[in-house]
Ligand code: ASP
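Quick setup: one chain, the form predicted on its own, written in structure tokens, and binding and motion questions come after.
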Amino acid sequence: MERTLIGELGKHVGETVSISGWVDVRRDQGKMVFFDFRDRSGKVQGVVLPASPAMETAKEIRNEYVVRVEGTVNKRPEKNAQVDRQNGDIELEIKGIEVLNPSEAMPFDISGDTSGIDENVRAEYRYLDLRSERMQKNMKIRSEFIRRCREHLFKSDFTEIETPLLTESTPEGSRDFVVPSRLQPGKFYALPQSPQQYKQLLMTAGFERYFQIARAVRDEDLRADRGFEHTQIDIEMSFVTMEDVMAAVEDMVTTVVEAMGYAIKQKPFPRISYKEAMEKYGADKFDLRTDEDKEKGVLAYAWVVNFPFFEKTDEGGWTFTHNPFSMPIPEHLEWLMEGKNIPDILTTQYDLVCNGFESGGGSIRAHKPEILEAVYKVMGFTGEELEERVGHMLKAFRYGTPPHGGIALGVERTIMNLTGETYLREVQAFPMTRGGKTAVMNAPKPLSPKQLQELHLSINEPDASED
């Protein structure tokens, strides 16, 4: 018999059906055994009556067994109906149960909120944690958000293009994760902190509207809203101004989150200068919601603009605040080219904040080689160092690169806002622990001697006296 999804059983009252899923709850009342079954579409109650041929099996199975069940969909008597519950007006009279796979006793209870369970235990059994109702909901909200963004961008004439995962170590603000090359001993790839340079090269290539759902990897200190890995909706556009990019992103975000049933506090999104944000809120990430807004799950978006381009290093030099590939605001371009008024130069960076989190950031980019050269000159790079770092970009910019700009929207931080979660691990399927250990699998771990030999690597053991 063909499988029927639990969420569609209401269409089959009076019919005999077959469902497949998990035993969510089992209640043995002696003469009768009640079950709640679940699959991806929802839950339903089933009952095994005393004379049912399924009784023997029903006495043996336990919670989280995977089963195939045949039974008749019956209307519940009106006095027993639960109108506020999915399938609350029907019940499955079970005729047969086939155990597809039994389950050992669960290491922790997944019937409620698992956020209070020890983080390391949840990570070890993440595939069980993900069965909980809250985690299922979070993953589905994440999927829906990405799907709707993708559809919106396609409708807006964007082309989805993937960029490499093995690339060159680049100066993008964080430490790189590096990968040794087996074929070129002593040389290393880097995993991308973002597709920044590739998406600019795609603008040079004539793809005027690009996006991808990009994985980004950064070796930075972990915290509640930051991990080694994250996903971003990466967008780049040619022949645009700051206003164009911000308007396009605002339209996408508004369209998507409102279609998902969320309310936005203020439209168009307020715009606040970096200086004003620091003076008023003490940070460039802030929460504009009232207590009432928070209770209602309102989303308070705002743009932060007019960031300083450069900041002092500990050594007394200059480094970029956001992105070395940015443009200054038009009225400060001359200052940059002449290398003067450095602390006063503002950049075309725009950050999108929501409910106290930075949800995204972007800028209009340098598209001429002399502008990028001027940025690196301010930071003290020699011509040789500049060529080593970004020579490929300077080369590309000499072949008719159009003006362009873009943004990267953080998927995890956005989903944290949509779900009300406060930890990034609650909106990722397989997050790392705070100690940097992967979920389920045992990484990082040592390589075998054979692997090290193939990679031409040797390990210097730490000095025991340093412990």
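What you are looking at is a predicted structure, and each value in this text was computed from that prediction instead of being measured. For every residue, the number given is its place in the sequence shown, counted from 1.
Below, we turn to the form predicted together with aspartic acid, even though it does not appear here.
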Among 384-392, 360-368, 67-75, 310-318, the stretch whose residues bring a heavy atom within 4.5 Å of aspartic acid in the predicted bound form is 360-368
So, a 4.5 angstroms cut-off on heavy atom distances: do all three of K199, R218 and A408 pass it with respect to aspartic acid in the predicted bound form? yes
Of N138, Q232, S132, T204, which residue is found within 4.5 angstroms of aspartic acid in the predicted bound form when only non-hydrogen atoms are counted? Q232
Please run the contact check for T348 against aspartic acid in the predicted bound form: heavy atoms, 4.5 angstroms, yes or no? no
Within 4.5 Å, heavy atoms only: does N355 come near aspartic acid in the predicted bound form? no
Are there residues in 317-354 with a heavy atom within 4.5 Å of aspartic acid in the predicted bound form, and which are they, in order? N323
